[in-house]
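Take a look at this one chain, the form predicted alone, written out in structure tokens.
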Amino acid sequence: MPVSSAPATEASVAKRPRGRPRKTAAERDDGNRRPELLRSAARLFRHKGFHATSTRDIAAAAGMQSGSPFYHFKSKGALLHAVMDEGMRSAIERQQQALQRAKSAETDSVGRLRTLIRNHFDILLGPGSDFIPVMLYEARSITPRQRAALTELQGEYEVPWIPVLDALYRSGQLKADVKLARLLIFGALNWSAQWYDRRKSATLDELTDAAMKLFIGETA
């Protein structure tokens, strides 16, 4: 390594830049754009697919400079995992809020199942609903460690369903084994992300009514 032949003066030390270069105004603005970046990425990953979407596409959709996503994420794969993680954490929070409202209304197990199903449809099909479908259909594009982390969040999301289904099974309203019923219910609900079109199909309330009739024969 070359070494200077003369000691540095106080003036030269004072002028030497320290730390990371100062960000431009545009870069500082991009630093506050993470939520929009995630929303844009989720929308593109869902409709174009992970592999067909470039970081340039995502940056353009978010109104950012082409390299700006890498201020937030090391790679496109890291961004994909962040979309899935954000989707699951938001889903858990929204489900907790929905159940809290149902608890305040003193609903029974049938009412709580309706609340869970209606909320799940909203997460899958309502406004800003790109996150969970991306997780459902792009799982092969993330690492085993990332999948394991998401599996833990999925388990946390499913926990509140178990006592509701148990209660319905004990009352005779749910006929199938609880574990199998839970898997089949989620399979049926999640598949709606593939075929549902809010412009042509039933409302989410109508979907919920149909699901209740299918799973426990509930008509009201």
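One rule holds for the numbers: they count along the sequence shown, beginning at 1. These figures come from a predicted structure and were not determined experimentally.
FYI, the form predicted together with another copy of the chain isn't displayed, but the following is about it.
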**Request:** May I ask you to state whether Y71 is within 4.5 Å of another copy of the chain in the predicted bound form, using heavy atom distances?
**Result:** no
**Message:** At 4.5 Å between heavy atoms, is R145 in contact with another copy of the chain in the predicted bound form?
**Reply:** no
**Asked** Does the 4.5 Å heavy atom contact test between A176 and another copy of the chain in the predicted bound form come out positive?
**Response** yes
**Asked** Hey, in the predicted bound form, is D108 touching another copy of the chain, heavy atoms inside 4.5 Å?
**Response** no
**Asked** Is every one of A61, L79 and A82 in contact with another copy of the chain in the predicted bound form, taking contact as a heavy atom within 4.5 Å?
**Response** no
**Complete:** In sequence order, the residues of 47-84 that place a heavy atom within 4.5 Å of another copy of the chain in the predicted bound form are H47, K48, G49, H51, A52
